[in-house]
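Read the single chain below, which is given as structure tokens and is the form predicted alone.
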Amino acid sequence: MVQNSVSIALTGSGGAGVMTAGQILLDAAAQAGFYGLMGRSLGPQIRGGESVALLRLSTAPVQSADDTFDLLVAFDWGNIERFLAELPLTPASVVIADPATGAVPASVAASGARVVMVPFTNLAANRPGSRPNMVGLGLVAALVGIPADPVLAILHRSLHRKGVEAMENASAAVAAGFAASTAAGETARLASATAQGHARWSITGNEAAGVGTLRAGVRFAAAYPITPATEILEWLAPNLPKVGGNLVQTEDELSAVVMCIGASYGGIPAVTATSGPGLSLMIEALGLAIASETPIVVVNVMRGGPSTGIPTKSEQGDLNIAVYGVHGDAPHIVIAATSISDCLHTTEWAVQVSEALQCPTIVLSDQAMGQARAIIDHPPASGIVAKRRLFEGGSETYNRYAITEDGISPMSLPGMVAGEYTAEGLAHSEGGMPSTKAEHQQAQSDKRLRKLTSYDFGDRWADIEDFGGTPTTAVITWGSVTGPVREAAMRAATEGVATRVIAVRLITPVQPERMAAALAGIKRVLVVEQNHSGQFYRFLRAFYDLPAAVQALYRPGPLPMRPHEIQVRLKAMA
């Protein structure tokens, strides 16, 4: 059966090479002219353990997993029950397994999927130095319609450092997989695609976030490794020095955020990256950055919580702490990326607004975007320029926190003549001197709020798109759930249900006038998010004037939102 997208799951124990096979398949599909998305599901182990590579290949850009999997390839059955809820199968699915690894578990057979046995282990053993995962790679490529040439080209590029013999052995295994594909019979195949003349990027959300910060001018990073944000640091570590910057691995998250404040105080745009537990530790220092009006960017790649939670799974549970976590009246910026490619543009924008407003900005990503890899078109240059308003000198006394009409005061950098000032977390006067006067606290509080509420954030505050006709129903969403929401809206439009999707990127400061314009003509709203308590739904009800008919669709991780369940809700509402 030929179709526009195919979903594939590769599963196996630690050392089976599941992720390697998945990565080569994704890159080969891109070289053959397709788009793709590859997520991963891991157990709680620090190293090793069972894993699943989750791929969706398509003739069009992919932002979401599909409802079910067309093909499940099991190199072994180790702890498969751990992942079954993440691997929805139907009688139309095909399961391919190695008879050497035992019978198909009853829980898999219960799906009604057609089961095909392929002796990966024996086929690999016939070619010394070959591995079952490379046989599986060739088999899957043949079944879904990816030619051998791009598979072998990517394979050789990946293995050339291991020598000629390793490449020949792997190539022989891939060829064996192609030959064995006839045993599996007909399965889902991609519609033909033509390789594009322009370059595409293979990138994760975490890598995209790193690229965005560098594009915007960040030249210092300090961070403590934490799942699932560590890859941002791993990408920045070798790339920051190439543009004259530096990265420091600190002893903890407290040190990381304070070092960023110090670098920014010295005039160097700075970023740190963390996840929920690390953000909790950074909150007090973020208050210091707000009070001292020092711009920094904190990228928070969310995971399941609370406490240690589920480090390797995704969830949108950190909205409340990002918005409300700082003690006192502490206005700051919270921005959420809406896709893997948008992680680049959003972090780039975050640096710009943070520098312009002299205010810390929290960027919310999550494990689903951060650690998933997508084939995307080359992101165009944004034209964003990060620039803060600097002190230009003068004979008058310098007031670092001068009360201005737009709330933004010129900032001096260390060494500027006549630009000395006191920067600290105590309440202060315009000159920066500690003060307990009510008039100073009132004026500075007003100023810090005014600079955010009077700033024109422009159209980037949200992505707004109509699907089918003139909608009277809207879905308001944010973050990684945007992908399945958009796909659900596209499907609903084919069934006569017109839908407007409002994917909010700027969480705070709120934009009531822009939201009112986005909701013009809308009678019904569905709010979709991935957390246990409907944090975004309650946030919207608190700060925005929504239509009377509002429903919410939310649940915690680790299971992703699927387009079908959103589509069903839209049809019911209409």
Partner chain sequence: MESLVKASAARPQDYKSNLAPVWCPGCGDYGVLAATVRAFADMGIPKEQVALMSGIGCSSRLPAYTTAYGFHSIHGRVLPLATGLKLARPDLTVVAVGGDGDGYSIGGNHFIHACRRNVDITYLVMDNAVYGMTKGQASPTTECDWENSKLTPNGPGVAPFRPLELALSAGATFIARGFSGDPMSVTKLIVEGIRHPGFALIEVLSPCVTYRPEQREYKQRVHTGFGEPTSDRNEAFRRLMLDDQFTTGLLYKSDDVSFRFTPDTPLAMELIEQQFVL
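Numbering follows the first chain given and starts at 1. Keep in mind that what you see is a predicted model, and the values were worked out from it rather than measured.
Keep in mind that the form predicted together with its partner chain is missing from the display, and what follows is about it.
Asks: State yes or no: in the predicted bound form, is some non-hydrogen atom of residue 457 no more than 4.5 angstroms from a non-hydrogen atom of its partner chain?
Replies: No - in the predicted bound form, heavy atoms of residue 457 and its partner chain never come within 4.5 Å of each other.
Asks: Can any non-hydrogen atom of residue 237 be found within 4.5 angstroms of its partner chain in the predicted bound form?
Replies: Residue 237: contacts its partner chain in the predicted bound form.
Asks: Please run the contact check for residue 70 against its partner chain in the predicted bound form: heavy atoms, 4.5 angstroms, yes or no?
Replies: Because no heavy atom of residue 70 falls inside 4.5 Å of its partner chain in the predicted bound form, the answer is no.
Asks: Decide whether residue 494 counts as a contact residue for its partner chain in the predicted bound form under a heavy atom distance cut-off of 4.5 Å.
Replies: Result no; residue 494 lies far from its partner chain in the predicted bound form.
Asks: Heavy atoms, 4.5 Å, its partner chain in the predicted bound form: which of 361-369, 238-246, 164-172, 468-476 makes the cut? Say which one.
Replies: Stretch with heavy atoms near the partner: 238-246.
Asks: Only one of 158, 90, 192, 202 gets a heavy atom within 4.5 Å of its partner chain in the predicted bound form. Which one?
Replies: Comparing distances to its partner chain in the predicted bound form, the residue within 4.5 Å is 202.
Asks: Which one, 268, 103, 390, 490, lies within 4.5 Å of its partner chain in the predicted bound form by heavy atoms?
Replies: The residue from 268, 103, 390, 490 that makes the contact is 268.
Asks: Using a 4.5 Å cut-off on heavy atoms, which residues of 220-242 contact its partner chain in the predicted bound form?
Replies: Counting only heavy atoms within 4.5 Å of its partner chain in the predicted bound form, the contacting residues of 220-242 are 220, 223, 224, 225, 226, 227, 230, 233, 234, 235, 237, 238, 239, 241, 242.
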